[in-house]
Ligand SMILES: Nc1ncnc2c1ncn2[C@@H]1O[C@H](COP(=O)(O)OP(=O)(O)OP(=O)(O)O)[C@@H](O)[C@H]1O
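Next up: just one chain, as structure tokens, the form predicted alone.
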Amino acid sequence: MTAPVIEAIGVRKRFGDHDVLRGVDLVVHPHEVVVLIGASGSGKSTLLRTMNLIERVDDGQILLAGTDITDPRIDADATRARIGVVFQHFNLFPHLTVLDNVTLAARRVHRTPRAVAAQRGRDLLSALGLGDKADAYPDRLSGGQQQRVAIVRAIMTEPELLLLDEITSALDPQLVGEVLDLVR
């Protein structure tokens, strides 16, 4: 079997007196899909946030392709550049067009030329039925459209790991299948 893409070993996270993650162990191999199911407030989003170094763990390790990314000496920005994330709340930049939102990381972090990033962005937006929204601003989109833009942004750079936090929650039932097909 191939080496894991991501591995959590005894991960603990506490907020004040509340233990959110209590020794979580998780292994995800390439092309494997893992779904976390639990009650609201059970730590699913917190675990994803620790995997993307938005939250630091209190104890334990997280390995990305075998590298301990919980080591304080790790370059957090370089690590995040290898991971795509879709948050529960889309986190689109309101002052940027849809196309600029989806190409920003490709251009700034991955140094993809503007024209190349724009073409890939337009292709992905079209694949999700948003080709005509490339020049629109997020406040002109429905919640489902904003969620699809956030998904395009996450897969734009072909990340090693894709973390998805309730990606279909804002979608109409007929769009859920399309979005899951694109992610797959």
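Owing to the predicted nature of the structure, the values given are computational and were not obtained by experimental measurement. Position 1 is the first residue in the sequence shown; the rest follow in order.
Not pictured, yet referred to below: the form predicted in complex with this ligand.
Taking Pro30, Gly131, Gly143, Gly41 one by one, only a single residue has any non-hydrogen atom within 4.5 Å of this ligand in the model of the complex, and it is Gly41.
In summary, among the residues Asn52, Thr70, Thr46, Thr157, the only one with a non-hydrogen atom within 4.5 Å of this ligand in the model of the complex is Thr46. Using a 4.5 angstroms limit between non-hydrogen atoms, Glu166 touches this ligand in the model of the complex. The shortest heavy atom separation between Val20 and this ligand in the model of the complex is within 4.5 Å. Picking from 32-40, 114-122, 135-143, 60-68 the stretch near this ligand in the model of the complex, with a 4.5 Å limit on heavy atoms, gives 32-40.
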